[in-house]
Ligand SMILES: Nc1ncnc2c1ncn2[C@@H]1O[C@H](COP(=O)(O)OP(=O)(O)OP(=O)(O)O)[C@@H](O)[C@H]1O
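Only one chain is given next, in structure tokens, and it is the form predicted alone.
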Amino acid sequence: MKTSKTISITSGKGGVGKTTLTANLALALAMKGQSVLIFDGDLGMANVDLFFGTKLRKTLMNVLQEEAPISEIVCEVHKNISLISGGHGLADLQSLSFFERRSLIDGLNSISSSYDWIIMDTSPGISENVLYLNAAADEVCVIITPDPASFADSYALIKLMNQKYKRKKFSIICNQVRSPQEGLNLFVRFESVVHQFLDVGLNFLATIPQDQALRLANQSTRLILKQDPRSLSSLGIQQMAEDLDSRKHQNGRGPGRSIFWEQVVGVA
């Protein structure tokens, strides 16, 4: 039986590159021979499938309406990559009840042993859906960009996760920067602000430069690792996959899901 690790790719605001990073990170891990399940948790506004050119017949709505178990909505989109879609244009998925959210996590648990990695792409913001999915992850990866609004909103997300779900550790991805050095400087500034007010640990996970190759790939909804695997952005994503994989083998599974159940089971 495989030991899966669940990571969430999340942010305080939209437009920071979550979906692009999720899809390409999944491909980078898959190219290393790892089996990956993407859970597109941007519920009702899911679009990871577009990067893989796949038309999905079933989504989470079918599960919530008890039309299919979660195992039947898993779609293979690439070698070693499967996808669960949150569905397109489904307003009902924006405000799930506690029991519906818990049912989804139970469903993910039931199939997790089939994969090395589960990557959850959350909605932007601090809705209860976002907080809940992040709480269920072994590792919460928060994307920040040089945009000041990204700083403020990501700080708010971390603060709420710490207050409500007692999360003490977060990994930071610096995206849409001009260079690795700008990414490092961005992390240092963000860490300084967070540590002034919150007792949490921040891990500098990765810097992803926003190069012209990535812009062109995003405009055509293509995977940068396929379109230009030697671009700076591709190399940054590949290095992140290497670091995550190395840490997984060194440390095993993180504490996320066990802590999650202690904190939220029975809380409506």
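The first residue of the sequence shown is number 1, and the count goes up from there. Computed from a predicted model, the values in this text were never measured in an experiment.
FYI, the form predicted together with the named molecule isn't displayed, but the following is about it.
- Annotated contact segment (heavy atom within 4.5 Å of the named molecule in the predicted complex): 215-223, selected among 196-204, 61-69, 215-223, 30-38.
- Using a 4.5 Å cutoff between non-hydrogen atoms, Asp49 does not count as a contact of the named molecule in the predicted complex.
- By the criterion of a heavy atom within 4.5 Å, Ile208 is counted among the residues contacting the named molecule in the predicted complex.
- For Leu25, no non-hydrogen atom is located within 4.5 Å of the named molecule in the predicted complex, even though that partner is not displayed.
- For the chain shown alone, Lys248 is not a contact residue for the named molecule in the predicted complex, no non-hydrogen atom being within 4.5 angstroms.
- Of the listed positions (Asn134, Ser85, Asn175, Ser150), a single one reaches within 4.5 angstroms of the named molecule by any non-hydrogen atom in the predicted complex, namely Asn175.
- Of the residues in 119-146, only Pro124 comes within 4.5 Å of the named molecule in the predicted complex through at least one heavy atom.
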